[in-house]
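Encoded as structure tokens, the following chain is the form predicted alone, with no partner shown.
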Amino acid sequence: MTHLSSIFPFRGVGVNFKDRVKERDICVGVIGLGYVGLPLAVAFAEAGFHTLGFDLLKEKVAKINQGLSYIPDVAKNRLRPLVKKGLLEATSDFSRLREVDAISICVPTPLRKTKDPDISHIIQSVEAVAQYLRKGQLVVLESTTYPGTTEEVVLPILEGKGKKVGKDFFLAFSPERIDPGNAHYETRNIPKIIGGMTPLCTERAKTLYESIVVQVVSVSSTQVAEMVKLLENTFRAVNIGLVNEMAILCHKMRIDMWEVIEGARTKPFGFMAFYPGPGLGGHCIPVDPIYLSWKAKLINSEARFIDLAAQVNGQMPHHVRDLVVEGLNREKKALNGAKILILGVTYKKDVDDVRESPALDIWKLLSEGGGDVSYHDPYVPQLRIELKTFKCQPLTSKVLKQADAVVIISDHSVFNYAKIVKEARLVVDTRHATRNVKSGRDKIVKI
């Protein structure tokens, strides 16, 4: 395969950086080709930039170079022409960082079992950048992290060999805002926050991203940019925690929480609708607020709303388990020995991502109670639960009728909810997915 460097030789990032971006005369590198990195790389390539994606997983690299997408939000008919034209290439050879003029780091930032931030992927990526860093390169961290990471962790590594930010290289933070499965909002039309280590760093990062997104918003520092992302997701986590707590109260008082929300959302001001569910999932909402809570403890402060919301949201799988038990008891059956079919094991509808999915916790709780648990999810052909691999069951009439309880965790659009309610003995609906089903409502237990 021909290297981009032979097609697109480096000429240095000088004072004419804006002109070079306008002329698509720079090469862009993206480290981490997952749900954030691959759409970003595709956006740069579609805008006419020669783009080089970096990932340690050779399977991902091979698929991209064959024009095959493993991310639902990136269709192969978008990816393949870019690869064929030579605008997009993937590699596991990090020495090729020398070839690029701008680098976006989009690696995962999970939590350790101790609930401490795990920024090891960021550190490894930045160390690779530092090893091959050359004068004039722009480095942008996109991975969600705690305030201070860019200045306190990334900057010292990049300046470790005597280089100076704002002079020898440029550094900024720009939080990713991707919403997997969202057909309306994608990389191009989601406003981009930029905070640089120096005004010139901010300016150069802004210039680059303005070429692929409709709006770029500059903030005064990397810390502000880092906090923006945490506020966005903490806002959601806290409000979801509130409605989850309300849902538990409403259930005990025999009040329909979903009807309450529909009534409240008619107010044209002062209310924003959030909806209860089986628990938080995904790579952001369950994790990002904990990063902020951890940082608060470091400065001898408290994040009481965050901690309380995490506690409430963490109890929702237990509440779902209790609803299953309640429904089975109504049918004079016990959880022990009952056949439980989970519908949808992803963390949200119409995606294939099971990271932090509440379905995993619910599965374990039902199994611990003696339930015989299986699942159907068209996006997940097999699932790993505590060292055991389970295969997706076909969603046939026989499977539905044999289940003592069907639990809807991910409300995928492809599910025929009328058929599910008709043929199942009991349906525990955690997503209000059966709201339009007219007959068989006596079988439904809502969260």
Ligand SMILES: NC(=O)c1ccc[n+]([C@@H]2O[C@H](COP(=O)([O-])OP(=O)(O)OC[C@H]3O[C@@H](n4cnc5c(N)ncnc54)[C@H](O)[C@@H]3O)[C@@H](O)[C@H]2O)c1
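Treat the numbers as computed from the prediction; the structure is a model and nothing was measured. All residue numbers are counted from 1 along the displayed sequence.
Quick note: we don't show the form predicted together with this ligand, though the next part is all about it.
In summary, among the residues 147, 136, 180, 369, the only one with a non-hydrogen atom within 4.5 Å of this ligand in the predicted bound form is 180. 229 is the sole member of 192, 229, 376, 321 with a non-hydrogen atom within 4.5 Å of this ligand in the predicted bound form. Note that among 268 to 276, 216 to 224, 195 to 203, 283 to 291, the stretch whose heavy atoms approach this ligand to within 4.5 Å in the predicted bound form is 283 to 291. Looking at this ligand in the predicted bound form, residues 251, 312 and 315 place no heavy atom within 4.5 Å of it. Remark: residue 109 counts among the residues lining this ligand in the predicted bound form, judged by a heavy atom distance of 4.5 Å or less. Taking non-hydrogen atoms only, residue 412 never approaches this ligand to within 4.5 angstroms in the predicted bound form. Contact check for residue 143: a heavy atom falls within 4.5 Å of this ligand in the predicted bound form.
Taking non-hydrogen atoms only, residue 380 never approaches this ligand to within 4.5 angstroms in the predicted bound form. Along 424 to 443, a non-hydrogen atom within 4.5 Å of this ligand in the predicted bound form is carried by no residue at all.
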